[in-house]
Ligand code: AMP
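Given as structure tokens, the chain that follows is alone and in the form predicted on its own.
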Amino acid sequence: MVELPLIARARAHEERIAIHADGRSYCYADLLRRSETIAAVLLDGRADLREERVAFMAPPGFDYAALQWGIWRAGGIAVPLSTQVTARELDHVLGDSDIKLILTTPAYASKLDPGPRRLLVIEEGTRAECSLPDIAATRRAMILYTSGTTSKPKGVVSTHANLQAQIEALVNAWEWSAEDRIPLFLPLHHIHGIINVLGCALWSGAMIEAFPRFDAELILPRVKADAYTLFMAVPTIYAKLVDLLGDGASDLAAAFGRMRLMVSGSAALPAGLHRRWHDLTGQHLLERYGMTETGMILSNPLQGERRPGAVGQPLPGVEVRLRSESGETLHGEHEPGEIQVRGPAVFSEYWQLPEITAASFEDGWFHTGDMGVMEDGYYRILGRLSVDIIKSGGYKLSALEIEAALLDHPAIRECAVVGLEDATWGETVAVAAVPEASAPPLVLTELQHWAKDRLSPYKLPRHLMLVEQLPRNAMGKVAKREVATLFTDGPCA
């Protein structure tokens, strides 16, 4: 039987603890047995799922990893679902990827309305076994839904080889080992948690301590106890921790300082926060840059200068170039251009979107849509080419998706969504709305309450401005940059 390298590597660490969660420890042998059982249940007499898409929802930890591995070992494509997904978002993901089966655990069964699809709840005592199929590295492994410049999230398809390349680049660059221990509290429908933490740790034989979310009361005592060698979080979490450490928590600051590596990502890390964290803990946060389609692309070095405001240099196996608006490759420093990337880690396709996939590549180079510049040997991110992308709290949000949801509100005739710069979140969602003439006055809290069943919490607007008309260019298109200035020039909720 041809096993995936991830599975084969786990066999070398069978007796080591893989995951600790909810007061229980699970070794790699437990994960191998459980995922084999799940694969057998999925196959149900078939020889191979042959890339059938299987959606799954589980809390971070053992159940999540076992479901993910079980889908892969049965020959399926794993489609992880956010535990905060709304009914509208769920309908899009399930419909777009043609899901016929959803896997979950008893704790999450009530969260899911499968509609015409089969909902399979994996109980702890479930037992099944069968011969498992050979899994080639070229097979599709996972679809993650990411917001882009369309009103609906696109399915990013990665093969097993893509995921392996993403993991190996980080294991190499950050020197992961079986002796590492890391907390996992990042969302597991997002590449940061799936690859940078879960994937790298399990590839290395390391130990994960899983939490449903970042909970300072649970996690910080473990930090003080030197439970972890690595720590990975988004800037918003580091900003919260700075506030805590600023209150004189010197023992906690010292404990953070003893970790071998602390990483920040998924959103820009303010240079001031980088310096403040070093002042408090002695740690230089390692900032890196990547995206769902590529995994991590650039990283500050493990050994060497970690420069505030910069995202470092290309990771092993990753090629990066900057291209000017006229299509020229830029070789000099201080010349801004679009970041383009090539290598085995880059995704294979957008699910069932061949034209968009083709337009996203040029001779094998993927267009990230991010502007960057090289400064003294380090890359720095300048922002998005598209104003319809908002980066907030580690998430990449589509302004068009949020607009489409808000336009269903009976009091909104027109609206435009933009991102406003924010020291804590990177950007926050702001909406300028033209109200219906006969509608009662619209206020932000009421709009948020109405939208919470249509948008995940991190997509909800944080600012609202009512306007008589939206600014438009000569072609009649809404001028998003002018919309953003409305919030800096005038009052908003």
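Numbering starts at 1 and runs along the sequence shown. Quick caveat: nothing in here was measured; it's all calculated off a predicted structure.
Below: the form predicted together with the ligand, not depicted.
- Although the partner is absent from this view, residue 158 stays clear of the ligand in the model of the complex, with no non-hydrogen atom inside 4.5 angstroms.
- Contact between residue 292 and the ligand in the model of the complex is found at the 4.5 Å heavy atom cutoff.
- In the model of the complex, the ligand sits beyond 4.5 Å of every heavy atom of residue 73.
- Contact check for residue 85: no non-hydrogen atom falls within 4.5 Å of the ligand in the model of the complex.
- Heavy atoms within 4.5 Å of the ligand in the model of the complex are found in exactly one of 203 to 211, 122 to 130, 283 to 291, 312 to 320, that being 283 to 291.
- Taking a 4.5 Å heavy atom cutoff to the ligand in the model of the complex, the contact residue among 140, 307, 396, 409 is 396.
- Only one of 370, 401, 96, 388 lies close to the ligand in the model of the complex, with a heavy atom inside 4.5 Å, and it is 370.
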